[in-house]
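Structure 1 and structure 2 below are two forms of the same protein chain, each written out on its own as structure tokens.
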Structure 1
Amino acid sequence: MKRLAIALLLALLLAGVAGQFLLPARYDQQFRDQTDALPGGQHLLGTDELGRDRAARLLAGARVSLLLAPAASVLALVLAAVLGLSAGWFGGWWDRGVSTLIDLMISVPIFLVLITARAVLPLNVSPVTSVMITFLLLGLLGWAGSARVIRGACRTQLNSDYILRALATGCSRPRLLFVHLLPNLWPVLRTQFIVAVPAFILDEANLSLLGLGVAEPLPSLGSLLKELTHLPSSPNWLGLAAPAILLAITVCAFEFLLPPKEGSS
């Protein structure tokens, strides 16, 4: 199962990188006499409203999102783990400070943070840079929820019998952290990661509304997924649903790639 997942992810990555050589059209080429074409013939998944090849856009978008969303998730998760664990571990004023910060991050309208960030960043950046910035922002802002969960889980673990027993037997603190605590928090981290990847991919699409998403003409999975909302009125359901199918496959693959520690026996 795990091998299959790795193979799938590698295949996706490869297709994303090599896609531009496999397909007849570039992702930004506008076939203006073939707009909204149905799948078939020259265009495997049809074309979008500007006549761009949906298959080429899907592969290009997948390359962007599938490379960067996991990276952003890892960034967010590292931040969350450091803050959440340390809060749970040290307790006291540090815990209160971190908890306040988490509460603040969760309650403040992030929308405004992003608008303000947009104002600070220059307008004239290349599409690739804009993608990087977007996912960096997502990683830097998206840790609060996970941090709270990790902190909670950490506290539960610290109060659990086996830790108490380990402490009683004179287990050193670093050993306690790395041998007992972290491995037991692994399922929580894993869940957070798997939930964060698609969430970030979708968030990126919404950020383009604020001028912070992937810039034209570069596609991303998120911006392609947004087109799903035209599904009810479009005959090209395959072309529109393909990004969602691809994303679902990816998320599944991650599920298998990061198995729960003890297995499900």
Structure 2
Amino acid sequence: MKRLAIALLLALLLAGVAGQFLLPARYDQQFRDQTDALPGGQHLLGTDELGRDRAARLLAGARVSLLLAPAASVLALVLAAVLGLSAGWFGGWWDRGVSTLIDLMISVPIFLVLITARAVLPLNVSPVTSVMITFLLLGLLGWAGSARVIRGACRTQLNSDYILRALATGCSRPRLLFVHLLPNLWPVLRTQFIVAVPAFILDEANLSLLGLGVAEPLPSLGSLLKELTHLPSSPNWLGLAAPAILLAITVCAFEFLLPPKEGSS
């Protein structure tokens, strides 16, 4: 299942990147005489109320989410690794200070912080700027949970037998960190990255539903979900539901990339 999930995510990313070359329409191109068109040969998923091709917008939204959510996850993981590792490595007052900061960040719901931070920033910006602001905020504010996990894993490793034996043999601190500690923390770092990507995609979706995410006309999976409100009165149920289906598939695919839980068969 893990290989299938990787293949599926790569296929979605490739389709998102190549969609602008494979489809006859751009995501922002309007066909004013074909508004709210049903799926057909020219428009595979029909058009929206402005006459824009839904398939082109879906692939463009997948491209935005699948490229920038991992980038935000990398930023959050770097911050989490620096703070978590340093807290576990140095201990003492630095550990207490970082742990207090982590507890403070976790005690406040991240989504409320995201809404507040995004609301105080300019909203009338270009679509590209809105994308950068949204995912930069996700990366800068979404590190606390991973930092707590990394700090705990670091403390556990430092108290393990192989670290104590390395210290007893005179292993230098830099070698202990880069040769012994970091390679054994790599599974933890990888897992935290995989967990963060779908979480950031969903956070962006929630922000876009509130009008605080990616700005029009640039689509994302989140902004496309707003059209689901028209589902009961529209005959084009496939075009309206496609973003939700793709979002669910993407999140489930990332779940299959996680290592199996201990004790599971």
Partner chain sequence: MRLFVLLWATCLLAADPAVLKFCLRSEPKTFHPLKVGDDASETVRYLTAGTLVKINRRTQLPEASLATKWKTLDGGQTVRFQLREGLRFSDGTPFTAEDVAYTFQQVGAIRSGFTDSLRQGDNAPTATVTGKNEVTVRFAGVTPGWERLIDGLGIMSAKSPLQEKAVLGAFMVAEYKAGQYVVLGRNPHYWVRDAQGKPLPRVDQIRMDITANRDLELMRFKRGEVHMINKVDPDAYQTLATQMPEAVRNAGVSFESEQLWFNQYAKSPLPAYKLEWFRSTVFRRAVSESIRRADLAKIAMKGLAVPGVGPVSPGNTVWFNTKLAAHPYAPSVALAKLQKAGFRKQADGLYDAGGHRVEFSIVTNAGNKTRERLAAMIQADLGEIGIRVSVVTLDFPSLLERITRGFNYEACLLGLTNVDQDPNGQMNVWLSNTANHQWNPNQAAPETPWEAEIDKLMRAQARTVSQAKRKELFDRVQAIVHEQAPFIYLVHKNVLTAIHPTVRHSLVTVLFPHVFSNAEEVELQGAGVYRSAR
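Because the structure is predicted, anything quoted here is derived from the model rather than measured. What we label the rigid core is the largest C-alpha set whose atoms superpose within 1.5 Å from one form to the other. Residue numbering: sequential along structure 1, first residue numbered 1.
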{"property": "Structure number of the form predicted in complex with the partner chain", "result": "1"}
{"property": "Core-superposed comparison between the two structures, residue 93 Cα displacement 2 Å or beyond", "result": "no"}
{"property": "Residue 196 C-alpha relocation of at least 2 Å between the two structures, rigid core basis", "result": "no"}
{"property": "Per-residue C-alpha change between the two structures, residue 69, threshold 2 Å, rigid core fit", "result": "no"}
{"property": "Per-residue Cα shift, residue 54, between the two structures [Å; core superposed]", "result": "3.0"}
{"property": "Per-residue CA shift, residue 29 (Å; core superposed between the two structures)", "result": "4.5"}
